[in-house]
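Only one chain is included here, represented as structure tokens and corresponding to the form predicted on its own.
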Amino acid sequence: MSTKARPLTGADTLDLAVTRPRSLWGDAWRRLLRNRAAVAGALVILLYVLVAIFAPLLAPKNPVEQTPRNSLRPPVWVTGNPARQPNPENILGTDNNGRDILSRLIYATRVSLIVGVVPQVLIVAIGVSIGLIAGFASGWLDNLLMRFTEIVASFPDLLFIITLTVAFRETWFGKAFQGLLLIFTALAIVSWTGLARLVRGQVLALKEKEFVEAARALGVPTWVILLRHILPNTLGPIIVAVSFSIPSLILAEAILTFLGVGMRPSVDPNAPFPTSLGQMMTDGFYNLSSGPWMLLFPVLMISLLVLSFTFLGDGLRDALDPRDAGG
């Protein structure tokens, strides 16, 4: 007995739409939003970005303005010392030169965010390029690139950066953008090796897949295969690696500035980068006994920023991990 096929109705169309499989990126986005720590970290990072962008509007005072007879004022909630009373105009107190700490913190976030993001452009460009070429080419070219990567990775990162910054600090290159250009370059030179190894491992696994073999059989150029077929499938691990790399760059800049070979502070009232969190930590360290709040606030600011990027990196790793795709 034959049965005639029933035409699709609106309800059937709705059922098909509901059961349509979700995309990998859409599924990862939903898992990321369910991670409260990652969402909280992303919101804190967004707050830092807004503070850095609108620093001239948010800062109550000029960050380099020195007020006479107003040095080492404690925060407004610290009382009990009749010799050094807080100034209501300086909510977080002042430093040893009478400069408003809150205003300096607001401007200092610019340097930490820029140092964490700008060198990543060079790191990704170098690391991804070498990883793609080495993994896809194999043979002698792979060996050459990986041996070069191992040589660069064998240098102690911080020692190499300090050596490079000291050697070029007094040149035009070391003075450009208050020394930030030299810091960007030094950080990028030693930080791309891990990303190159990661991308190479991903390419080695992907180049044997059926879609890559099919592209080869159709005569698709190698650069098209790398950029359109292999690179998009490595974006997940790259994004996670970048999110974990940013905190290390922020800490490296703070350490370099603390050691005296980082960003050059400016006394120009119109300078976009009058100070950094590392410079404020240095000032606080040398005035620890007389003004401990000078060290406390920049340490809290940089710790919160690094912790937020770490939480976001953990959330991205869990969201983009294919083993958790069904969770």
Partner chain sequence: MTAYIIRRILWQIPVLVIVGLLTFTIARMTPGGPFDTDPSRRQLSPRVEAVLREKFGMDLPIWRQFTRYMFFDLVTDPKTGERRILWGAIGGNFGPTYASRGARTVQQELFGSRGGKPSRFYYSARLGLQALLFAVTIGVPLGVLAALKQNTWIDYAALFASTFFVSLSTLIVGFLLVIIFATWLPWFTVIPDWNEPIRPWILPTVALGATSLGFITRLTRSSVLEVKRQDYVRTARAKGLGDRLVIWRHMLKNALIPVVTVLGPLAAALITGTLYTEIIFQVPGMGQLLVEAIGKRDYSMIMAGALIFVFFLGMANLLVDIAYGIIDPRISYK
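Numbering follows the first chain given and starts at 1. All figures in this text were calculated on a predicted structure; none of them were measured in a lab.
In what follows, reference is made to the form predicted together with the partner chain, a form of this protein that is not presented.
At a distance threshold of 4.5 angstroms between non-hydrogen atoms, Phe136 is out of contact with the partner chain in the model of the complex. Contact check for Ala108: every heavy atom lies farther than 4.5 Å from the partner chain in the model of the complex. Contact check for Lys175: every heavy atom lies farther than 4.5 Å from the partner chain in the model of the complex.
Although the partner is absent here, Leu206 lies well away from the partner chain in the model of the complex, with no heavy atom inside 4.5 Å. The candidate spot formed by Ala52, Glu65 and Asn81 is out of contact with the partner chain in the model of the complex: none of the three has a heavy atom within 4.5 Å. Heavy atoms within 4.5 Å of the partner chain in the model of the complex are found in one stretch of 262 to 270, 285 to 293, 31 to 39, 44 to 52, which is 285 to 293. Listed residues Thr222, Thr163, Asn97, Gln85 were compared with the partner chain in the model of the complex; Thr163 is the one with a heavy atom within 4.5 Å.
Just one of Ile126, Val118, Leu198, Leu251 comes within 4.5 Å of the partner chain in the model of the complex, counting any heavy atom, and that one is Leu251. Scanning 298 to 315 for heavy atoms within 4.5 Å of the partner chain in the model of the complex gives Val299, Ile302, Ser303, Val306, Leu307, Thr310, Phe311, Asp314 in sequence order.
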